[in-house]
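In structure tokens, one chain follows: the form predicted alone.
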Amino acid sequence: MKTSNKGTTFLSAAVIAGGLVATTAHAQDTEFTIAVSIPAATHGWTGGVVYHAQEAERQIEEAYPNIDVIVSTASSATAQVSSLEDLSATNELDALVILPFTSEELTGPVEQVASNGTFITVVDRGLADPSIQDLYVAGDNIAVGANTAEWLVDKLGGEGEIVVLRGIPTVIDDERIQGFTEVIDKSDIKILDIQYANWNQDEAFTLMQDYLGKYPNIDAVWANDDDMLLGVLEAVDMAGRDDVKYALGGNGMKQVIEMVMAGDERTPISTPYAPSMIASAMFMTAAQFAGQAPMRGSFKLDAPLITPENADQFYFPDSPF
């Protein structure tokens, strides 16, 4: 699945690419295959993941002809399991870079791939058993939740009634909720309801309609994700509810960053969770084979608040997300 999109830049990739220049003669003479298994563009963020994975595939193969990168997308956890079986059956994989659709369903299949001696890089949504992975790359999901909650507690004066939308049952969703609720629990703010909307805009719209029907007053909404935030905002606007003072998401979607830059009163902040982390993980994995740079451990990208004052630093008009 070769692609040919124009490249993007990010600090970690640039640093690692610099390290790859020191490739050894032995590494240049050996062929390596790196499979990349990611969710299909089922919503905005994963659309960004696909874009950046394809960019990194082209850049790595151009720089290192002895590395073959295979990018595979899947529209469900079941499809991703089947994709892994196909990739393993038809290729001798030196490495697998995987962003699991769900944690529980992909843990066993990834463990099976690892049993063949394949280097495992896990991105974003962790596995149920982290001991399987050699390398883990993700944003700081606890900070995404905690930083948003601290801002909300301050703006609401430490009291009020809010509702929360969860994503897909995964490790990263658990971490975001943990970071958010640990801060909220120290205030007098009451979480009226908290349910899954699967990081899907349409499901978020429907869930928010249910919340609005059940609760006559909602001071704020934490949608957990910018795709879901758009569904929430649509539901609130259709209901004509002016009690919702703040509606916040996360991930730094281009459309939401534009709202922050414009000083939107209801959505004045966001938090970054860049889909380009898949490319960072791919470059790190390539370094494991193409350079004298053994890659082991966990790498977390920070999640500072995006405000009108710094929003331009997180705004990329040519990005699909």
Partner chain sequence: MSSAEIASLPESEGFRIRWADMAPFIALALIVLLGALINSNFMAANNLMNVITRSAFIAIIGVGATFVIATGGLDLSIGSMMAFVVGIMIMAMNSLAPQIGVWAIPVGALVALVVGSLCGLMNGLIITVGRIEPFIVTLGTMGIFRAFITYMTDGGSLSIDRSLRSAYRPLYFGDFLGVPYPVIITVVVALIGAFVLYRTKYGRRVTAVGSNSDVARFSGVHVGRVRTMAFVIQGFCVAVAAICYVPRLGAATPTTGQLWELQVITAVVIGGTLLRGGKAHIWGTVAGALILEVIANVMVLSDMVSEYLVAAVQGAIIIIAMLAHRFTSAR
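Numbering follows the first chain given and starts at 1. Only a predicted model underlies this, so the values are computations on that prediction, with no experimental measurement involved.
The following text describes the form predicted together with the partner chain, which does not appear among the structures shown.
The contact residue chosen from Gln201, Thr107, Thr73, Ser88 relative to the partner chain in the predicted bound form is Gln201, the criterion being a non-hydrogen atom within 4.5 angstroms.
Of the listed positions (Asp243, Asp193, Asp188, Glu182), a single one reaches within 4.5 angstroms of the partner chain by any non-hydrogen atom in the predicted bound form, namely Asp193. With the partner omitted here, the stretch from 99-107, 231-239, 77-85, 131-139 that lies within 4.5 Å of the partner chain by heavy atoms in the predicted bound form is 231-239. Not one of Asp219, Lys300 and Asp302 comes within 4.5 Å of the partner chain in the predicted bound form, counting any heavy atom. At the 4.5 Å threshold, heavy atoms of Glu258 reach the partner chain in the predicted bound form. The partner chain is not drawn, but in the predicted bound form it has no heavy atom within 4.5 Å of Asn147.
Within 4.5 Å of any heavy atom of the partner chain in the predicted bound form lies no heavy atom of Thr33. Put simply, Leu207 is close to the partner chain in the predicted bound form: some heavy atom of it is within 4.5 Å. Contact residues in stretch 36-67 (any heavy atom within 4.5 Å of the partner chain, taken in the predicted bound form) are Ala41, Thr42, His43, Gly44, Gly47.
Between His52 and Asp312, the Cα spacing is smaller in the predicted bound form than in the shown form, differing by no less than 3 Å. With a change of no less than 3 Å, the CA-CA distance between Gln209 and Ser75 is larger in the predicted bound form than in the form shown.
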